[in-house]
Ligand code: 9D3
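First comes one chain, alone, set out as structure tokens in the form predicted alone.
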Amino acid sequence: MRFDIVTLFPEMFESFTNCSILKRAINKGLIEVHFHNPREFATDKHRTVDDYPYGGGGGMLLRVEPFWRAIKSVPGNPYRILLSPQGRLFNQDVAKELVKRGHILLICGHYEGIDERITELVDEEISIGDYVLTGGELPAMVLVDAVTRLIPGALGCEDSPKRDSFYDGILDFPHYTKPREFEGLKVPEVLLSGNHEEVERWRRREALRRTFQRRPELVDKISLRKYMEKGTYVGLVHYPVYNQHREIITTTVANLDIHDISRCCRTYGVKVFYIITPIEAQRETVKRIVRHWTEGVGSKLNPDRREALERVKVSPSVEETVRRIEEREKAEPIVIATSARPSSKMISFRDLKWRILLEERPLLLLFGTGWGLTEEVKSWSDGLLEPIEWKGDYNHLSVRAAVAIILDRLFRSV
């Protein structure tokens, strides 16, 4: 990989490129680092690179001509990045994007900034944080270091980058070495057990615990699918549910619900979509519809629909659904009910993610038809998910829309 750095102070990088991982990567031929000083492209006898800004104001502004020429002098077709507090915030995901570029040109500003016309040559602007530095040299070092670590062979162990904080969206787990006890502080017994499976499970759990305690906002951004060992299940409950008079009834299964929710479940990796009704005739109707799309003419006409409908199963009750999941997963599921009404038993999306990740149990999401799940079902469940709300007092989503939004919030990484 090649880095070209346009900077007025190339001497700032001398110790940076002659130490530790960067030096080894350069010596191995894994990276090249080249510097281009805009002063060498200035045309006056004083090699002037700055001037007063038009319109007045304090400080000096970097001139366009020397920087333009310095950038244009770089051979090849590099991806051009201006280090700027106004740019996209740099993080591990951005580093993973940039390592695929192969050739990166970094432009380090200074003083009060750089002539805006330089941005015509730039592919994007990147910031390392919401603060202002004297120049772009330190951000350039941060970016080069973070990207270099991801190049195969740059670190001593190939798995090292994957162990780093933020690599998969969460913080790193705690690390220990000799001695086994120091000042009364002991190394956790599991790390001394020799049981590699238990060690990995402990590390995963501790990484998640540390993330939730120290950086809980990261939990909002990660996708559950990446970390869940057990499966997710959706149950569409037709009994017991309420009608508009708060009477307990059984609702009719709708063909549209079968198709739309099954497609949602396939999209977000749900293992089984259970349609829960005590009426045998309705369960047989669902089976007949599913067979048409998975075994009959429909399977040949629309393979995508077949793939979605293959996840549809019927169940006579919520209790039987839980029993089947427990039998399949060898673990009792976390049962979460949904409602458009707030409740004292309410659990947030963040807390639900946290619970699923730490408890390592399957998840069953229950959605009500009609006018919603009965209080009996809600009280029997392990939690009631916070309602989907927006500004205003209208909150009357279809169950199909609710399923889509909830699955997206849980399984899409931000």
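We call the rigid core the largest set of C-alpha positions that still match within 1.5 Å between the two forms. So that there is no doubt, residue numbering starts at 1 and follows the sequence shown. Quantities reported herein were computed from a predicted structural model and do not represent experimental measurements.
There is another form of the same protein, the form predicted together with the ligand; it is not shown, and what comes next is about it.
- In terms of contact with the ligand in the predicted complex, the residue from Thr134, Ser317, Asn91, Asn302 that brings a heavy atom within 4.5 Å is Thr134.
- With the partner removed from view, the residue among Glu295, Glu112, Asp172, Glu332 that has a non-hydrogen atom within 4.5 Å of the ligand in the predicted complex turns out to be Glu112.
- Looking at 175 to 183, 119 to 127, 201 to 209, 275 to 283, the stretch with residues near the ligand in the predicted complex, meaning non-hydrogen atoms within 4.5 angstroms, turns out to be 119 to 127.
- The ligand in the predicted complex comes within 4.5 Å of no heavy atom belonging to Leu309.
- Ser84 belongs to the set of residues with a heavy atom inside 4.5 Å of the ligand in the predicted complex.
- Under a 4.5 angstroms non-hydrogen atom cutoff, the ligand in the predicted complex has Pro139 among its neighbouring residues.
- Once the rigid core is overlaid between this form and the one not shown, Pro240 does not reach a Cα shift of 2 Å, moving by less than that.
- Comparing the forms between this form and the one not shown, the C-alpha position of Pro387 differs by less than 2 angstroms, with the core used for superposition.
- After superposing the rigid core, the C-alpha of Ile81 moves by 2 Å or more between this form and the one not shown.
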